[in-house]
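Shown next as structure tokens: one chain only, the form predicted on its own.
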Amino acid sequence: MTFYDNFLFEEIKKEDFNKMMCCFSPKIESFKRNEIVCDFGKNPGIIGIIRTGTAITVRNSVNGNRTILESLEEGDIFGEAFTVCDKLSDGIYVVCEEDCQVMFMDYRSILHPCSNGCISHSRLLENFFFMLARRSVMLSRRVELLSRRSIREKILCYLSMESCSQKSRKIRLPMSLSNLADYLCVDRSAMMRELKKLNDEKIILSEKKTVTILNSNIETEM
């Protein structure tokens, strides 16, 4: 995958993309597993695009609690929400889950047309604000997930969402099981016990980071 193959640059010609990159002066970096990719408290105006690998967005509270806000895969963009409200970015980091390569850009390059007057800049702005709207939908899904009362309900709700997103009943978890427990805001040991029960009941079949939904209507199991 190339950086050009990204929703942010949809319907923008390759030659116009190359001109934009000359104006934006993006920075491309590689990261190893568990490395901090971005600290939004120090870099609130940074937008990143994952070219290869995976990462997670993490919030560390003042009392030491760790919450995973989202998982990031190839083609995903992070940081766009904090360009609008940077006062909420303290304690939020992007951490490399698997070795990844990332392109960083200053959000002001996107929001303000360059002096060269790139003809595709208006399309870029449309794509950017559509991404913000899509982020709002993702956050509403997260609220729905965390509103589930039991660990079992949270797991099944998450698997249902991932199945819809990946358009398959065989799901590849985008994060480790430890990180999934943090994402669901549940105890890891309790989550593992519940996963075992779901396997024993033949509702799912899980093996490491691959989960197959055996029950076609898991909503009834919640």
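Numbering starts at 1 and runs along the sequence shown. Being a predicted model, the structure only gives us computed values, none of them experimental.
Missing here is the form predicted together with the DNA; even so, the following discussion is about that form.
Of the candidate stretches 159-167, 176-184, 35-43, 51-59, only 176-184 has residues with heavy atoms within 4.5 Å of the DNA in the model of the complex. The closest non-hydrogen atom of Q101 lies beyond 4.5 Å of the DNA in the model of the complex. The closest heavy atom approach of R188 to the DNA in the model of the complex falls within 4.5 Å.
Among residues of the shown chain, I151 is one whose heavy atoms approach the DNA to within 4.5 Å in the model of the complex. Although the partner is absent here, M192 is a contact residue: one of its heavy atoms lies within 4.5 angstroms of the DNA in the model of the complex.
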